Ligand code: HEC
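Shown below, as structure tokens, is a lone chain in the form predicted on its own; questions about how it binds or moves come after it.
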Amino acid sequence: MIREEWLNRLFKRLTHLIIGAISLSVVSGLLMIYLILNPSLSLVGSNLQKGKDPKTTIDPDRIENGIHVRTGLVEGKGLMAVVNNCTNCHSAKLVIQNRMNREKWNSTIQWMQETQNLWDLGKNHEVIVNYLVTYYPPQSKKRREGLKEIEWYVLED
């Protein structure tokens, strides 16, 4: 008799546990479906869920302190022609790190057209080259200056 009562209690406890687990699963599932259908209630912002950078969703062409925020390029006449034609294929950092004169910028563009499938820039060609020559001309210092006032020491074995 004692064994039957013990088994009945155990069965009731297991039944309650299983019903609780199923209920929790159903509620969690419904909540997940609701959040998928209405992401504005999620703790993660809706811009981040869509893969957008919150800094650039307001205005992707925003300029701060003379710098185009999205690309890092200097503000100036021809900036948007460079952004629209150059950053489709490569990062603006590639433009920023290269500093050339008019002849070299022209030959680089020609090389990209011949080997990298760059389209004909048409009227934008001159606008782009003028921008690049103005804001990214050659620099006299190609490398950083040597270290000065350094106290060197000998490594011991």
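Please read these numbers as outputs of a predicted model, since none were measured by experiment. All residue numbers are counted from 1 along the displayed sequence.
Although it is not shown, the form predicted in complex with this ligand is what the next lines describe.
Asker: How about Asn38 - does it come within 4.5 Å of this ligand in the model of the complex, if we only consider non-hydrogen atoms?
Answerer: Heavy-atom contact with this ligand at 4.5 Å: absent for Asn38.
Asker: Just checking whether Asn85 would be counted as a contact of this ligand in the model of the complex - the rule being heavy atoms within 4.5 angstroms.
Answerer: Result yes; Asn85 sits at the interface with this ligand in the model of the complex.
Asker: Although the partner isn't part of this model, could you tell me whether His90 comes within 4.5 Å of this ligand in the model of the complex, counting any heavy atom of the residue?
Answerer: Result yes; His90 sits at the interface with this ligand in the model of the complex.
Asker: Is Val26 one of the residues lying within 4.5 Å of this ligand in the model of the complex, judged by heavy atom distances?
Answerer: So Val26 does not count as contacting this ligand.
Asker: In sequence order, which positions of 85-116 have a non-hydrogen atom within 4.5 Å of this ligand in the model of the complex?
Answerer: Heavy-atom contacts within 4.5 Å come from Asn85, Cys86, Asn88, Cys89, His90, Leu94, Val95, Asn98, Met100, Trp105, Thr108, Ile109, Trp111, Met112, Gln116.
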